[in-house]
Ligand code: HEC
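Presented below, as structure tokens, is a lone chain in the form predicted alone.
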Amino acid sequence: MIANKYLLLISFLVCSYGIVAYAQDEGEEERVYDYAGENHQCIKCHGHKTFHYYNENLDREFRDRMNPYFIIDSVEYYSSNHWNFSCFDCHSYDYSNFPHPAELRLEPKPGCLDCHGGDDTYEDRSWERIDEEFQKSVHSTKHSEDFTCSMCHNPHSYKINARTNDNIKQTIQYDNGICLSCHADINKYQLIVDFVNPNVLETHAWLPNQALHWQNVRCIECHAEIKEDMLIAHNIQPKEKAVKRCVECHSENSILLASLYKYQVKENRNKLGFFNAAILNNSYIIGANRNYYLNLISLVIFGMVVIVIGIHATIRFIRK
């Protein structure tokens, strides 16, 4: 038993070192983890593929495999939005007893609005409005209460990706990964539906240069109702309403300017034209990048060519 205590102490120190190292690698300020010690009582089992416990009835130690869906990556958790939460902020304190009472699994889990609803600190995030948009989406209307926020936003690992010119590709990859975590995972997909998970490559066979599109735009750009005053779109549309017209993105009024690139557009958009540096620097969208002066020059050159051809044709006609 003494040896086990030393092992637990060492694993806790290694875990703490990894968390601090992660923050330093990311250039973040060193954080004070108020509940690290308390949470460690949970993570010492749920942070590993195996766990061990003492069976008083048999008077011996047992080692068992942890359910893979209940394994929490401590580094991901302490770099997520909920990094300074106690496990018991969301889970019943009765979980501190082992073995866990079976009836706890039947208790309803808290939703996002249970904490974020009416939160003045993050009023600009419009949590209630996001919930209203979600309630209108196919995720909610087709699957009712079976589809929850946590199915997309894992509370143990989710973190907001700021959209800047430096990490826009990272944001695209992270957000698309949320969609694919269900639409490309048959085990998770069939938690709410009975039919086979559709093949994403086949359903998007009509889309030219699939890989290039998925590297440079998010799924929600084509599959959600975009509103400029919304922080992020949550009203996922039926597949019949998905954007399929190239001109929706490849045009002066590209929908990308109101969604993925709207944060850069405010600073980079040219008042004399619609040359968009934000798009040009990250993914060149043909038809969405123009300049007033270049447009004017090209029109003048084209007009001069037409005039010269017309004069030449007229002279030849008169001579003939």
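Don't overthink the numbering: it's just position in the shown sequence, from 1. Remember, predicted model here, so these are calculated numbers, not experimental data.
A second form of this protein, the form predicted together with the named molecule, is not displayed here; the remarks below concern that form.
S.K.: Please determine whether Y33 contacts the named molecule in the model of the complex, using a 4.5 Å cut-off between heavy atoms.
M.R.: Answer no; every heavy atom of Y33 is more than 4.5 Å from the named molecule in the model of the complex.
S.K.: Given that the named molecule is not shown alongside this chain, does R125 nevertheless sit within 4.5 Å of it in the model of the complex, heavy atom to heavy atom?
M.R.: Output for R125 is yes: heavy atoms within 4.5 Å of the named molecule.
S.K.: I'd like to check something about K49: if you look in the model of the complex, is any of its heavy atoms closer than or equal to 4.5 Å to a heavy atom of the named molecule?
M.R.: K49: no contact with the named molecule in the model of the complex.
S.K.: My question is simply whether E103 lines the interface with the named molecule in the model of the complex - judged by any non-hydrogen atom within 4.5 Å.
M.R.: The answer is no: E103 has no heavy atom within 4.5 Å of the named molecule.
S.K.: Going by heavy atoms, what in 179 to 194 lies within 4.5 angstroms of the named molecule in the model of the complex?
M.R.: The stretch 179 to 194, when checked against the named molecule in the model of the complex, contributes C179, L180, S181, C182, H183, K188, Y189, I192, V193 at the 4.5 Å heavy-atom cut-off.
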